[in-house]
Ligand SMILES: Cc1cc2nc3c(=O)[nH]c(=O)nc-3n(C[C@H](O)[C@H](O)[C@H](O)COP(=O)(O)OP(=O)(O)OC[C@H]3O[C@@H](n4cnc5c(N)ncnc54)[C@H](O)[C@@H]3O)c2cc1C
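Quick setup: one chain, the form predicted alone, written in structure tokens, and binding and motion questions come after.
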């Protein structure tokens, strides 16, 4: 059995390698679109790299055509795609081309006698569902089962191979003209952080985030927020949680975080969870290793004072 992987982001590409290895395939192949240097790096993680040389700017329809050509050149039974803003639409279009469904927001997967079974969030992250992707795995060998893997749920793989590179010349015409590119505002690098301090609804004003940032800095970590502070109040460009950025630091500290299930699902892989909340009934205490019941405006300054001394 062959599993093919594709992502435009190299870190996520390495996570896909780990996801593919969990299925214990006979061969792992990779589709690389664009730069030869990416293909050279990818060969250290795969048995075979299908390099689609192209100078076209990113366009979902055009990249889907190129990925489809790579799939036809290798005949994988499973196709894993990075669940990013660029990867997900490409995977959806390829699924139409091959005639198989595409599962998105996948956090885990396994092979059974019935085929590919994936775990994904349902009902806005309130529940985790087991979903069978397509028909039985080997019913239609030419049509791979497709899953978009949510970033942050698999540990990036290390180099263990020296695969061959096969070049593919795409037959794709440019359909979209790029008029302007604007960089999206992004937050701290949460994926690699060992310590993350997260502000929740208990923080009353945007200016008060400086307390959270100072605490995080003193601990050698980064500061983040929950979904309401980002999506509703626009205090930060992104948020920590199942619907935002899932994390797995060595230490997570939730400050004024109530602990709704969508947020807990995104931090549950943290090694140690600490919570600071004035409400002793806050749901986050059910998941915390350590908890402080108290006013964050008294607790956090005291912690900062102690750390500075």
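Residue numbers count along the first chain shown, from 1. Note that the structure is a prediction, hence the values are computed from the model and not measured.
The next section is about a form of this same protein that is not shown, the form predicted in complex with this ligand.
Taken together, the three residues 79, 143 and 145 lack any non-hydrogen atom within 4.5 angstroms of this ligand in the predicted complex.
Segments offered: 25 to 33, 40 to 48, 54 to 62, 252 to 260. Contacting this ligand in the predicted complex at heavy atom distances within 4.5 Å is 252 to 260. Contact with this ligand in the predicted complex, judged by any heavy atom within 4.5 Å, is made by just one of 221, 202, 170, 89: 202. Taking the partner from elsewhere, residue 19 is found to have every heavy atom lying beyond 4.5 Å of this ligand in the predicted complex.
Mapping the unseen interface onto this chain, residue 272 falls outside it, with no heavy atom inside 4.5 Å of this ligand in the predicted complex.
In the predicted complex, this ligand sits beyond 4.5 Å of every heavy atom of residue 154. Though the partner is left out of this view, residue 247 does not reach within 4.5 Å of this ligand in the predicted complex, counting heavy atoms only. Contacts with this ligand in the predicted complex, taken as any heavy atom within 4.5 Å, map within 277 to 301 to 277, 278, 279, 282, 294, 295, 296, 297.
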